[in-house]
Structures are given as structure tokens and as C-alpha cells.
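First, one chain by itself in C-alpha cells, the form predicted on its own.
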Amino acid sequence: MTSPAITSAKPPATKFASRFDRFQVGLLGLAALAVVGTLIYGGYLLTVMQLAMIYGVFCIGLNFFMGYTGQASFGQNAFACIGGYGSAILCVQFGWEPLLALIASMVIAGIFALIIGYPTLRLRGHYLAMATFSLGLITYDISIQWTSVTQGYMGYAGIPPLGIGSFTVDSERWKLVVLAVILGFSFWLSLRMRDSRFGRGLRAISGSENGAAALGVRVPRFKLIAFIVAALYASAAGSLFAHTVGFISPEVYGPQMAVMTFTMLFVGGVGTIVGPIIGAVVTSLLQEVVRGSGHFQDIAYAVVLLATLIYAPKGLSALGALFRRKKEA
């Protein structure tokens, strides 16, 4: 029997091509052009794109748990809240360096994810979704009621920008550059984990937990590690928001954050490699586009999102594969 690689008329795919198709590369190129154009144009779009980079980091972690592992989590905003308030308290109250505060907040969020995830991840399906949603609501309520620590609705102001020692990132353009670099590093790190033995085990769990267990994958341990990884990404995003804006309040990390990140992930493509970045950029810019419709902006926003989900049910990043299948058919 001859090998398919010999009989096939197409050349064997390279390692890069096995990860991305041309359409996804083009989407990443457009996202990069949007960042460059924002740097040139400046103005209010700098803030919009900064938030898109932060949400992109959050969605990469969420995609790692939901897309690759196939688990539902509606409470990742809880870990973003830990990261944001951790950075705010350590920097404002104790004078920590922003970078050290960000790392310490990630460690705290990871410990909480370990403690909470060990019993919670024994649940499945909508039970797991409701448990994680409750986690987000509890954390949100604590951030409001524990005024001696979080200052309640008054929030924290005067949070220093990112920096090391005497070097601080004060310029809005440089903030965007730094956030884009952090997003790129987060994306590269997720690729490395996805292509590792651990990442392949997570994708096996997504297909069938029983089948993955039969292949020797320690399903509970892998799910817990994926949950912790998603929490670390969410905590980093929460800290980045605090250091970028300079002010946080409970509303920032409320249930609307979970809704927003879910929207970004589904628009970009759940389980796709570039989906989190594309979804974050497109959804952030879309909000500004429909803002000009006045009182109908929420309706216009919903219509555009529904059209996207109807005609691109697997997200914008999967359109290339859809067009390719139609062409082959």
C-alpha cells in the first residue's frame, strides 16, 4: 500500500500551515493593521484598541478552557476581579511595583482557582456552568460589600501605569504597544501549550472524556490545570485593565464582563487559534461603529451579532474552512 503523502498531488503541509490557513493569517494581518492605524490616527480609538488587547488576553485563556477542553465557565470574571483589585491594593496601599503586583495577583488567582476548581470541576454540563456563574456573582458581590478592602462603589483611583522602576508607560500610544506585545506573547504561549502533550490531552477530553481516559489522559487533573491556566490569563487581563485605565470599580468585573468576553469568543470562533484575538478586536470596533445609531445602538449591535452567528456559526476565524469546503464541493 502506497503512502498518502506519495500519492497525493498536494505537497505535505508545513508545521505553520497545519496551524493556520490563509484566511486566518489574513485576519491576523488585518488586526495588526488596525493596531498600526490606531497608533497613527490616535484619539479615542487608542482607548478602544487598548481594551481590545486586554480582552484578547482574557479570551485566550477562556478559549483554552472552553474551546480546547470543551468545558463551560461563566465565572472567569471572578479571577479578573482578583487580578484587578490585587494590583490596585498592592500598588496603592503598599507601594508595590506594578509588574510585581501583576505577578502576585496572578499567583493569588491561581491558588483560588486550584481551591475552587478541585471540587467544582467534578460537575458537568449545565451544572458546571451554573456553579462557575455563581462564582462570578459571589465575587462581584464581595467587591461591592467588602468596603474596607475594595472601597465598594467608590472604587480605586490612582493606580500607577505599567512600568519597571523609574520607567513607566505613560503615553497612550506606548500603552497600546505594550499591550499588543503582551497579547502577542500570550498568544504564542497558548500555541505552545496547545501543541504540547498537555494540549493534545485537552482536545481529546473535548472530544470524549471517556475516550481520553481510555488513552491514559488523567481527565480531572488536565481539566483542573486548564481551569488554572484560564484563571491566570483572566487575572492578568484584570490587572492590565487596572494599570491601563488607572481606576477600577465593581462594575468593571461584573456579569457584563462575562457576557462581553463570551460574545467576543463566539464571534471570533470558539476553539480556533486566532478566534480570541479576532473576536476581541472586531467586537470592540463594532461597538464604536454602531454607537452612531443613537438610541438604536443596542438593537443595531444585536442585529449584527445575530447575523454573524447565523451566517458564521463557528466564528469569523472558521470562514476560511467554510469557503474551502464549498469550493471543493
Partner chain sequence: MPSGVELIQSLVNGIGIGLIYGLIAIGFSVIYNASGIVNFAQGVFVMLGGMFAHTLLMRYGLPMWLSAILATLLTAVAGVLVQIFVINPMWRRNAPLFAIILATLAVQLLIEQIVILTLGDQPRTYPEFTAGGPLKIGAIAVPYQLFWILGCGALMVFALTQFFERTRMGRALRACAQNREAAALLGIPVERMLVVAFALSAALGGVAGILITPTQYTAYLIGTPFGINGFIAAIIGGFGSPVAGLVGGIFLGVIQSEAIVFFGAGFKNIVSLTLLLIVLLFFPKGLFGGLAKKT
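Superpose the two forms; the largest set of C-alphas matching within 1.5 Å is the rigid core. Because the structure is predicted, anything quoted here is derived from the model rather than measured. Residue numbers count along the first chain shown, from 1.
Omitted here: the form predicted in complex with its partner chain. The next part is about that form.
With its partner chain left out of view, the stretch that reaches within 4.5 Å of it through heavy atoms in the model of the complex is, among 82-90, 155-163, 100-108, 123-131, 123-131.
Shown without its partner, this chain lists 54, 273, 31, 66 as candidates; in the model of the complex, only 66 has a non-hydrogen atom within 4.5 angstroms of its partner chain. Only one of 202, 248, 230, 135 comes within 4.5 Å of its partner chain in the model of the complex through a heavy atom, and that residue is 135.
Contact check for residue 171: no non-hydrogen atom falls within 4.5 Å of its partner chain in the model of the complex. Residue contact check for residue 119: one or more of its heavy atoms lie within 4.5 Å of its partner chain in the model of the complex. Proximity of residue 298 to its partner chain in the model of the complex: non-hydrogen atoms within 4.5 Å are present. The closest heavy atom approach of residue 74 to its partner chain in the model of the complex falls within 4.5 Å. Contact here is defined as any heavy atom lying within 4.5 Å of its partner chain in the model of the complex, and by that definition not a single one of 21, 50 and 182 is a contact residue. Residues of 136-158 that come within 4.5 Å of its partner chain in the model of the complex, judged by any heavy atom, are 137, 138, 141, 142, 145 in sequence order.
In the core-superposed comparison between this form and the one not shown, residue 262 has its Cα shifted by less than 2 Å. Relative to the superposed core, residue 303 undergoes a C-alpha shift of no less than 2 Å between this form and the one not shown.
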